[in-house]
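Below you will find one chain, with nothing else, as structure tokens; this is the form predicted alone, and questions on how it binds or moves follow later.
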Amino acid sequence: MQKHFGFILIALALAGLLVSCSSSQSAGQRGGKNSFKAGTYSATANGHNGPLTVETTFDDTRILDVKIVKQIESPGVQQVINVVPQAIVAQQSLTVDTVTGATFCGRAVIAAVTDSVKEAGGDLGLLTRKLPKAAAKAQSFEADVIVIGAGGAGLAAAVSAHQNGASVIVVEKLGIAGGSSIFSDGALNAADPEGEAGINMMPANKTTVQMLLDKKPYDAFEADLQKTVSGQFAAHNASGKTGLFDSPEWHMLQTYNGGDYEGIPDLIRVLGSNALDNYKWMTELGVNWRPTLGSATGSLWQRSHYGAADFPNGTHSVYPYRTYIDKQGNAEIHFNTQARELITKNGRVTGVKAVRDGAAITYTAKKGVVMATGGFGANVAMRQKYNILWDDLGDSIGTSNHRLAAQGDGIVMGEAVGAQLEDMGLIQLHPSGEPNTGIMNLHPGTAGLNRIFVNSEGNRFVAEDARRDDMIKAIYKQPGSFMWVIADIARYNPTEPPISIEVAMGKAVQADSIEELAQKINVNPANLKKAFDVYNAGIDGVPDPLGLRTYGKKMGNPPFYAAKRLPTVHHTMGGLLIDPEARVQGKDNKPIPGFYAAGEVTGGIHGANRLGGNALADCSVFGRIAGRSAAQSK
């Protein structure tokens, strides 16, 4: 039994309107009968990611069909791409609601249909009158486990809870699933010896390992990891293997060190020791992965797993879980429902108070509530209140997060019932923000290999595999506080998306020579040529002056690409403090009964600097644990 609850609500609303305004009553009963020149008309409007083309078909008096024939929206938006077209036809109106979380796309559809109505000679006045809506009614629901948030962590928790015998309801304030996870670059870190076997371990990689093994340990946890990794590394070298070394403990050591030792050892150990098993769990749920491991921006190691072509960006952290939930009879997602307050009884969290269409919705959890609402990167007031790392995180700084999702709702609700907060001042910026918006998933991108970063003078100024916070500090020291990401044919096929789309939309610059590229982005061509030469020398074994240790192919062959990038708010490392079982901790350092959390709403895992690719691993690992813990709660 499939339960697309958000779509069911829309369908019911449409059915109600069609009953009250039957086909014979539509436009005519609302004050006149429309008239069109019958036929199919095409119009284009700008969606979130670019042009969206819609074909609208009319007979003499009605809109017969609205079809999106061309679009480049993200996978998160594509899951609801047809909701607005269907509503326009069903209601014979252009005043239909857009889908919360996919507003740009919905507005683009309406704009395109509006243009077609004009071309067909229709009366816009008859199609833009406000339609009556039935008053929403208060409702109550009950399940073993209530999950708040349908992003990667929440959906993982829902699936896990169900696999452990619980009935589940996921409460999601948007009209789409995925939260910020589905708009991510899709990197999921897991130490994977099988995947790393095909990656050549270069001398610079060995140096990276040895440097961290030789340093004076910060504490007993790091000393223990150093001892374990030292033995693993020695065995790897003695075996004669040429593949890239990795292990869960090496992943933990880099996470702890890369987070400036602010992360909680017990949580880091859980993340590192469970990442590969969770990667396999996601595979069992249907994810297809690229065969070659990548390196997310600031990952510090080549252990990032990315979805194959049918799972682009962060869709591997959403759709497999969503597919599982849709097949169950006692698991469902309630969209367009905003959780407002946790319900407690005798110190235990027992449910959630929410609102849908202005009506009160009450959820009772027989076993537990899992908070998975994400971070607060889009809440300017909240990030300004807690920020301790950066000079300013005001309105001038964009965000890569889903703006409606990343508002810190779950942190506020959790604190109201006595939850302890951890690391709230630790906010991460990402170097790959688009000017004006801060959004990511743009190309050329900072993640992976076969790209260089240059400043406004055409000079490289930071190692392309550096920590994210080190990259940001380096960018802020450059003239204008921005950088250019440069790539060539070693990274992109010029005739294929995504780079062809970015160039067509003017978001990336293309050139047939280094000199032409330098002219187009107004940098010194000699400096840019030198940047390529020094990068390539590193592949030949020459130590990089900036410390780059992770390389792909040599660069220098056309076509060349460039895109301007600015720092953007990316991840809030602080939130609800949890223990290794994902139980939310109270201010008395004891678990709050019935209350669990996972994902970016939590704090204590990533320290002062999250490694690229660790967030989706975090969502999967702790989401799975939270769901299991809630299902087994007594």
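Being a predicted model, the structure only gives us computed values, none of them experimental. Residue numbers here begin at 1 and follow the sequence given.
Below, we refer to the form predicted in complex with a small molecule, which is not included among the displayed structures.
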property: Sole residue of R467, K173, K367, H305 within 4.5 Å of the small molecule in the model of the complex, by heavy atom; result: K173
property: Sole residue of G314, G298, G414, G149 within 4.5 Å of the small molecule in the model of the complex, by heavy atom; result: G149
property: Close approach of D224 to the small molecule in the model of the complex, 4.5 Å, heavy atom; result: no
property: Partner contact for A157 in the model of the complex: the small molecule, 4.5 angstroms, heavy atom; result: no
property: Contact label in the model of the complex: V270 to the small molecule, heavy atom within 4.5 Å; result: no
property: The small molecule contact in the model of the complex: D409, any heavy atom under 4.5 Å; result: yes
property: Partner-proximal stretch of 426-434, 541-549, 471-479, 174-182 relative to the small molecule in the model of the complex, 4.5 angstroms, heavy atom; result: 174-182
